[in-house]
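Take a look at this single chain, the form predicted alone, given in C-alpha cells.
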Amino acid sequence: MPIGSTLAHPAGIQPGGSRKADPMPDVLETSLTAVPANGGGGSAESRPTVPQAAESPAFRHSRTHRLADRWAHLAFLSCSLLVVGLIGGILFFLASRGLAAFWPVAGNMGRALHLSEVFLSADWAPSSDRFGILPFIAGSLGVTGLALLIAAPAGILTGVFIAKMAPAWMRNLMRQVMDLLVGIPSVVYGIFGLTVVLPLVSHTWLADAPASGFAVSAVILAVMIVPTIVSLSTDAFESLPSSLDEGAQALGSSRWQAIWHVLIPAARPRLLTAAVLGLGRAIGEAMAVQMVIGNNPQWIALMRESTDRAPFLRALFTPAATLTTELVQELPNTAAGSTWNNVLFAMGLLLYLLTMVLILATRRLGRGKEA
C-alpha cells in the first residue's frame, strides 16, 4: 500500500472523513449510552445503565446453588447434633436411673446404697438386699482381657500377611472372608460355642466335666473380634509408604526383621486403635457370652472355696458372669424404681463409661505415639 494513502486515510477513517463504525457487543449497544464530556451528572437518559444481574439466568442458577448449599449445611449440622444428642441422651438416662441407687429419689422403692457395698463387695444376693457387683466387673475384665490376648496377636499378624505377603488372589479372598465373619450375628457364635466348643472341651480335656467359664467365652469372643482387628490392621499396613520396607531390606534386614522392627512400630497408633475397637465389641457382647460362660454371680466365692493346686486353670473353667450377661438376664425381671433395678442401671452406666474411657485413652496414646 502506498505511504500517502496510509497517511491520508488512517485506520478507521473513510475517504469521506467519516469514521468507520466498529462492531460493538450486543450488551454494550443495548445498555450503554454516551457519557457527557464534562463529566457532569447529565440527565437520566445520558447516564450509563448497568445490566440487571438479578435477571441473568446464570445468576439465578448460582443463587439456587447457594440456597442448596445452605440447606445442605443445615442438614449436615442437624445430623451431627442429633448424634451428639443421642449419645448425651443415653448417658443422661443411664445416669438418672443408675445414680438413683445411691441417694433417695422420688419414686424409688428401696433404700439408698453406699458406693462401697456396690462396687467393692463380691456378695450379690438381691433377694437378701445385698448388691455387690464386683464379680461382674471382674468377669467382664477377665473375659475381655483373655479374648484380647488371643485376638490381638492373631489379628495383627494376619494383617501383616494380607498386606505384605499374600498374593493378590489370596488377599482379595481373605478380605471377603473377614467381611463375612464381621457380619455374622453374635447369637450364631454363641450357638456354635454351646453346641460344638463346650462339648468338645468337656470331653477332650475335662473328663466330661462342665466346661463353661472364662476359657471358652474368651475363645468365642476372640473369634468374634479377630475380623475387626484384621481389617483395621491390614489398612494400617497398606497405608505405610513402601520406602520403609524397601529401606529396611536394603540395609540388610530380613523380611521378619523389617516387619518387627520397622513396619509394626510405624503402624502402632492404628494397631492400637484396631485393638481397642475389638475390645469395645468384646466388652459389650452379651448373647454369645451368656450362652457359654455359665451365668454364676457367685464365682468368686467358689474360687475362694476351691482347694485346687492350679487355681488359675480352675478359674478358666469356673462358671462366671459379666456385666452384660447379668443385665440381659435380670433387667427384664425387676420392678422399675426398685433398688435392684437401679443397681442394674448403675452397671449399665459403668459399662458405658468404661467403654468411653478406653476409647479416649487409646486414641490419646495413639496420637502420642504418632507424634
Partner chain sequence: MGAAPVFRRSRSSKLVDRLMRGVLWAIAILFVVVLILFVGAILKQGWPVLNLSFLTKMPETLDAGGGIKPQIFNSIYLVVLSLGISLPVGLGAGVYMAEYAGKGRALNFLRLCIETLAATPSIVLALFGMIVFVQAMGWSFSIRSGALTLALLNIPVITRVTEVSLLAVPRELKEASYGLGATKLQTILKVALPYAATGILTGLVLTAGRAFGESAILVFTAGTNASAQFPDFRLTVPGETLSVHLWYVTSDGTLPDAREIAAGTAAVMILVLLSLNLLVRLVDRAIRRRTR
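Everything numeric here is computed off the predicted structure, so don't read it as measured data. Positions refer to the first chain, counted from 1.
This next part talks about the form predicted in complex with the partner chain, which is not shown.
| message | Given that the partner chain is not shown alongside this chain, does residue 161 nevertheless sit within 4.5 Å of it in the predicted complex, heavy atom to heavy atom? | response | So residue 161 counts as contacting the partner chain.
| said: With the partner left out here, check for me: in the predicted complex, does some heavy atom of residue 290 sit within 4.5 Å of the partner chain? | reply: Within the cut-off, so yes.
| query | Is there any non-hydrogen atom of residue 318 lying within 4.5 Å of the partner chain in the predicted complex? | reply | Heavy-atom contact with the partner chain at 4.5 Å: absent for residue 318.
| request: Using a 4.5 Å heavy atom cut-off, state whether residue 65 contacts the partner chain in the predicted complex. | output: Looking in the predicted complex, residue contacts with the partner chain include residue 65, since a heavy atom lies within 4.5 Å.
| request: Only one of 141, 134, 184, 99 comes within 4.5 Å of the partner chain in the predicted complex by heavy atoms, so just point that one out. | output: Contact check passes for 184.
| query | Of the residues 125, 120, 149, 170, which one places a heavy atom within 4.5 Å of the partner chain in the predicted complex? | reply | For this set of options, the contacting one is 170.
| message | Within 4.5 Å of the partner chain in the predicted complex - does that hold for a heavy atom of every one of 112, 236 and 340? | response | Contact check failed for every one of 112, 236 and 340.
| Looking at 210-218, 171-179, 141-149, 112-120, which lies within 4.5 angstroms of the partner chain in the predicted complex, counting heavy atoms? | After filtering at 4.5 Å, what remains is 171-179.
| query | Even though the chain is shown alone, can you say which residues of 327-341 have a heavy atom within 4.5 Å of the partner chain in the predicted complex? | reply | Going through 327-341 in order - heavy atoms within 4.5 Å of the partner chain in the predicted complex - the hits are 327, 328, 331, 332, 336.
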